[in-house]
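Okay, here we've got a single chain as structure tokens, the form predicted on its own, with questions on binding and movement later.
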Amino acid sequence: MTAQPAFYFNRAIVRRPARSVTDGLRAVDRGAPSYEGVAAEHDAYVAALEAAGVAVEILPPLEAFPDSVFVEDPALVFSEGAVLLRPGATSRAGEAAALAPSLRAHFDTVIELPGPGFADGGDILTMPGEVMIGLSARTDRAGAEALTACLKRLGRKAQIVETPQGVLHFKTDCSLLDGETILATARLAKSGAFERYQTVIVPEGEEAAANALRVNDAVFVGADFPRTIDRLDSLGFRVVPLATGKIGKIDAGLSCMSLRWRSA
């Protein structure tokens, strides 16, 4: 297993949003985002990755898949290899196959998740010594157990945990800040999943800020969450605020718009 911290990256894959992104999945209808708004947030996100020292490969849009801009959901990548996942939403079937050629161009080892279960990247948090897989409406136990076996082939240890009721994805409510610290909502912290870690709780009313993203020495945080930004700043983290208002309308956050890894 690589000795690099779990948040050190020098390569990433993203996919440009399709115009059909306005039809993206949403658990709660807060109105459809504009294509132009999503594209602007995506452009700023790519620029932030590059400013953090990451070389970004930008894949073309897939009009047949409105949610395909969220490339982290159908795949999982590490320095050792990649896993093609099977998201639980039926409208996203086929996204992993569309990603496969690019992943095979970068990784010698690309493992396909065996059926019949489902596993979605939004439920998978890579930690320093383990990979946490949260059970949810999009990741079932059969999929989590199959993924555990795939990760073992890559030399990775997995832990299956429960996601609180009503939370779409495990990473909707948490993110990695450093090797010892998790940013989480109060409801997820109460689950006991992070007993061995220090936990920073996002302020009440800013729960969506928990889906932050640590990239090298920067922590990307939604710009609409000033109290979370102030809290992280006071703890010494270098915060990069990014707009997430448009992608938030289609149940997305900062972690899901890229596949990130460190290559030799």
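Just so it is clear, the structure is predicted and the values come from calculations on it, not from any experiment. The first residue of the shown sequence is 1; numbering continues from there.
Beyond the structure shown, there is the form predicted in complex with citrulline (CIR), which is absent from this document and is the topic of what follows.
When you look in the model of the complex, the only residue of Leu242, Ala18, Val14, Cys256 with a non-hydrogen atom within 4.5 Å of citrulline (CIR) is Cys256.
Citrulline (CIR) in the model of the complex is approached by Leu168, whose closest heavy atom lies within 4.5 angstroms of it.
At least one heavy atom of Gly122 is located within 4.5 Å of citrulline (CIR) in the model of the complex. Proximity of Arg156 to citrulline (CIR) in the model of the complex: non-hydrogen atoms within 4.5 Å are absent; the residue sits far from the partner. Looking at Arg86, you'd find every heavy atom of it more than 4.5 angstroms from citrulline (CIR) in the model of the complex. Checking 143 to 151, 108 to 116, 71 to 79, 187 to 195 against citrulline (CIR) in the model of the complex, the stretch whose residues place heavy atoms within 4.5 Å of it is 71 to 79. In this stretch, 133 to 166, the one residue having a heavy atom within 4.5 Å of citrulline (CIR) in the model of the complex is Arg138; the partner itself is omitted from this view.
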